[in-house]
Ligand SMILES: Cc1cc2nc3c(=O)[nH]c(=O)nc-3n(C[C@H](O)[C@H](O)[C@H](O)COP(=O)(O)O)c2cc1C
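Here's a solo chain for you in structure tokens, the form predicted alone.
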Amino acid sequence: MSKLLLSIFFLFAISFSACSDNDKLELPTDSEQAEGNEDSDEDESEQPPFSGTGRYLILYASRSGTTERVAQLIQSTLNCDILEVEPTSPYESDYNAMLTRAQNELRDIGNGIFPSIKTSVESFENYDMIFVGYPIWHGHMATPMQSFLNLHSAKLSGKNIALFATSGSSGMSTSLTEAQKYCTNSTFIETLHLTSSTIPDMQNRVTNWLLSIGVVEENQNTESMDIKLTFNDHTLTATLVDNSSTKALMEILAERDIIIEMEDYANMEKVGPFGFSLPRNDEQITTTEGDLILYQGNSFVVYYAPNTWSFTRLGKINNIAQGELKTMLGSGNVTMRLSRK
């Protein structure tokens, strides 16, 4: 669960919660993808770099969990405060109902009527920079974050704001314009945009972004989340996601290598027991080639074909060409050695 990391008492009238990680991007509809092809992000990186004293707050809105994962990765890197912006009424679990509600809320905002949220902040004066994250809904900033920025416009005056967004394929230029409209006296820093094609490279993209805006230094010590997988005379590298499962796994790998006897299952994966249990962060996932998965808390799975199920994402193998992994793994059993890179 995400926890608010505050060193002193602030007058926040908020409600905190954290969803399980989820790689399904918020509302990646066909109509949104069509908009995304027309919405260019070419000018989004032309923002000034940031130079501050290092007091940060991360605000994020996330329905399915993707934006939350990005927020948590930034928070774990900067060791800063984090706060979820939540609607007063939770969004429907039914996807079509959610689409309809999002469309209605966006239409209402166009008429000056903002949806109710239950998150507020008394003051931002103790922060040099505010990170603002949200999914793209039909080409626009998610409506809860629009409500938050509209309500807190005056309090955010003079602040440095760094936007980050997730989407199926839509650009974030429109949402940048929306943020600038609400926060006319704020300074907007270089943005970060992750789509369904770049989410697997989240770790590297977030790290490079934080370097580019000057909130971390290139020589700053950060724990590597890369591991080696050795099998059938092949050695591959993989980058792990940041969750309690991978942190526990890295602690074990710091002490010893892990050897797993794996067998083929359903012509889509290799699976084998760890011999111990790890914390679970289960979510509904549709796998792609190279995904590393924790199943039922005690089994390691390497996917080479798609499958949709509820399990825990561990990471992804780097630099694998399409169809290459299945050939490397072969059709029979395989002995897999995991080690820290």
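Numbering starts at 1 and follows the sequence shown. In this text the structure is predicted, and so the values were computed from the model without any measurement.
Keep in mind that the form predicted together with the ligand is not shown, yet the notes after this line are about it.
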| item | value |
| --- | --- |
| Contact check for Arg63, Met98 and His138 against the ligand in the model of the complex, heavy atom at 4.5 Å | yes |
| Residue (of Ser169, Asn160, Ser147, Thr207) lying close to the ligand in the model of the complex, criterion heavy atoms within 4.5 Å | Ser169 |
| Residue stretch of 310-318, 280-288, 66-74, 295-303 approaching the ligand in the model of the complex, non-hydrogen atom distance within 4.5 Å | 66-74 |
| Partner contact for Ala102 in the model of the complex: the ligand, 4.5 angstroms, heavy atom | yes |
| Stretch 265-290: residues contacting the ligand in the model of the complex, 4.5 Å heavy atom cut-off | none |
